[in-house]
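In the structure tokens that follow, a single protein chain appears in two forms: structure 1, then structure 2.
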Structure 1
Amino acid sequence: MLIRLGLLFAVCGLAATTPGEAARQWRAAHEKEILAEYFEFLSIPNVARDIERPFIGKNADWIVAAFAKRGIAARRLTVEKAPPAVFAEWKTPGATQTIMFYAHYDGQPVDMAKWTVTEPWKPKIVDGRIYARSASDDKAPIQAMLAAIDAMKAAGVAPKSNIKFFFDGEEEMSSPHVREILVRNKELLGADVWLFCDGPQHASRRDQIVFGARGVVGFDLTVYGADRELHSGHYGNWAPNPAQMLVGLAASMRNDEGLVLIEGFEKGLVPLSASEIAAVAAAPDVSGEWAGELALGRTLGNGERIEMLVNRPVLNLRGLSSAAVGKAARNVVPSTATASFDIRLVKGIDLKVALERVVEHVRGRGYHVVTKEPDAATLRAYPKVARISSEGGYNAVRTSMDLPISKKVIAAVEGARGPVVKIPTMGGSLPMAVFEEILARPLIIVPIANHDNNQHSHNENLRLENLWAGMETMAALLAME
């Protein structure tokens, strides 16, 4: 009778209760069962590169079975030699809107020796947190969705949109096959919005919705001297020193105050809208205390807050290497010197264009630029030779907060959870550009994990409170207008 009544309300578009309330009630009565199910899921090893071993596929099977148990058809989307993605669809006949929920079930590799609280695939609750690999990143949203579905079904809260799910199985190794999966299943994966349920809450422990992520591309810059190390006493005044040349070159790219000096580096940048600027201003500012915690005597950016700064691209010198320092140092003129950089890209700046600006800058300093190891003839032919070798990378994405679908997502989450922090761009990078490129749909990130979750590291954990709050968020989004 209860069920039939729920069905009636659902059909009429009126639920017996709000989705958030349904999630809260269900959780209060079923904590034990929810955690038992989640522990079962967390017990399956999930390192994507273990493709040869059966573990990674067992995670996909577990998800398919979990949806089937709830009456929702799910299946693997496979390409050769890759962990399968999982697709599921909770159909709402007559719905005019489709919402896609994204998460990933694979996790980072582990350094067993460092897992002091428990082993990575033996979940354990300590002080209100579940410790396990992927407890937060990124099985948490999957479990929250499953429990939210149970709660909605029990309370008779039905989706108003057609609901799809896509779970990646190789995100932590940069999803090398996701492009192929998207291309092959473009129709199937069509939706009006993709909700990326991944990442952490705001550091203030408030929920947040993030509308973009930066792109990234890395490159190494190597400068050459003589074809062997030279005695610095005999040759130091006469032979060009590639380490010295490299520091001159790297110093010409960015100054001590953090300003990137490469011509046109920010050209094309799409500025934030008034509402995006207002959203940042309204977010709690926690970066002030970080400087002290990190033992920093100063910060860059003229006091502008970090959430604003990350809407600009940056050239980061991530590593230096030439001959040796410390006890291993020898009195030589090094033969080569290498600096490694990453560029964080923002909306409007393509990675190929950004790299070309770097190449032009290096040329402008008198270097002959090559992409492969130069031979002796090349080194003899030019006064200065630099090699620039870049790797993969991807562009930034940023969805406008002012789109109707963005407003709906904000309204749904705030309806269940109260005011949330709204961030235009996260400082880190997510390979979301491929989704935007192939599917041409808005992407919005809705994270539920605690920020202090030890993501990617040992003793990864999820606060139970975040799992319960995540259920409310997922229910609200599953039921959103």
Structure 2
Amino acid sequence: MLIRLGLLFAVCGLAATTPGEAARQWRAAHEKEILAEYFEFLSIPNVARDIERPFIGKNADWIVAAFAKRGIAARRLTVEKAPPAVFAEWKTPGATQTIMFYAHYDGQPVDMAKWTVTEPWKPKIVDGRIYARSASDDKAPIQAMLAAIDAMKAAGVAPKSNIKFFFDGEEEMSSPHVREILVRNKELLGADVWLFCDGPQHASRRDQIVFGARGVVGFDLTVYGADRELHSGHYGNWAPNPAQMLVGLAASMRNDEGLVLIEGFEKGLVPLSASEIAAVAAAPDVSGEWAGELALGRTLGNGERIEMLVNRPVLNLRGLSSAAVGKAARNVVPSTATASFDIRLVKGIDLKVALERVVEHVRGRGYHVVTKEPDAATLRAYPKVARISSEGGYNAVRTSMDLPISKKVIAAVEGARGPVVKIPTMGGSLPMAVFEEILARPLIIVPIANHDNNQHSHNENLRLENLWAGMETMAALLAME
């Protein structure tokens, strides 16, 4: 009976008139099988930095096997001491266009004690959501692609383009080896467009297409006082207090509305085009709703929409450390104080230039700036010493919405899902700059995860409806003209 039902569905599937309809029909008859396969995938631990352990490679092997099961050749792309990337190709004879799909299979580290719904690699459905590490970021689009392929094959819907897939194994570490992988395999990875299937849908819970991502560079700023902590009663009026100094220095960089005060910080910014500004204006404005959900009594930017603000660079103070607080606090003048920052970059501003502007600002406040831990002689020689150490990063990318391929992507997704939100730049960062530099092709982001997915945190989740909708989106893109 089961075999007959399967054959009946396959025949009915042939009647599907669009890729999106094919995906909907396939899902309706195969939800259990799709979820069983996805749970198997989610059960494999995938912290990228655990490369010395076998789990990260097991994820790559699972993807290779999943594509092979569908008759699509896949293989690892490797470089020394790095998680493997996975490449697959679904060839279409006579195709004149090649589309590359990008996603990543690695995930962020976990704090086991904070996972309250389930353990990170024991997927569980609760109230219509799948809970597991990488359930949304970023195994979801991989599973959606696999299920979409099944649907298309069952319905006899063939791709019109040559289809390639690239699955990154270290995106959550900023893809430090992807440059080498791209250079080694440049011809193999050639395509007319790269579709980055990562990130969340719009906060309005509508599908969105994003045409760029901010770049990012992080750095630590440390200022110095005496070479050891001092008694605050004996020395508090006399010895410089690095914690106080650092607070003042940080405050000099940014005002209460989030405007960065560093001279020339936005110089070089590439402004939005008329069509990009119009697209933002047409997007649902959920600022008030989102602020309420986050229990925010105010937002920054003098009332400007968040979709516009993310097209400007920002300096973010992400942490402070000096001596101790609470029950561990001591009556001391701290010896050092450190602030950790990240700069979110936009198109036209290079990360090295942005860092140098920070250095010049700190110097302008009277500090001697070093890049290594200063010795006693250096501390004695200058009234104020600051150390700035950068952790590296990458630049921003933005593809024009007006390109023919951009319009094709919009048409394909809207054909399956209806009108979508079109955003010039997402607030988060993706390591897309190296792809643009080496491959020189348009890069477009097509996310499918729910915006409230707890990505990178505990209890990460994916709404089931987003997985099903993602199948439709992937089918439409796989069959794109």
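Here, rigid core means the biggest group of C-alpha atoms that superpose within 1.5 Å across both forms. For numbering, take structure 1's sequence and count from 1. Nothing here was measured: the structure is a model prediction, and the numbers come from that model.
S.K.: Can you spot the form predicted together with a further copy of the same chain among structures 1 and 2?
M.R.: That would be structure 1, which is the form predicted together with a further copy of the same chain.
S.K.: Residue 382: CA shift of at least 2 Å between structure 1 and structure 2 after core fit?
M.R.: True for residue 382: a C-alpha shift of 2 Å or more.
S.K.: Does residue 220 count as moved between structure 1 and structure 2, where moved means a C-alpha shift of 2 angstroms or more after fitting the rigid core?
M.R.: The answer is yes; the displacement is at least 2 Å.
S.K.: Take the rigid core as the frame of reference and indicate whether the C-alpha of residue 265 shifts by 2 Å or more between structure 1 and structure 2.
M.R.: The answer is yes, as the C-alpha of residue 265 shifts between structure 1 and structure 2 by 2 Å or more after core alignment.
S.K.: Once the two forms are fitted on their rigid core, how many angstrom does the CA of residue 234 move between structure 1 and structure 2?
M.R.: Between its two positions, the C-alpha of residue 234 lies 8.2 Å apart after core fitting.
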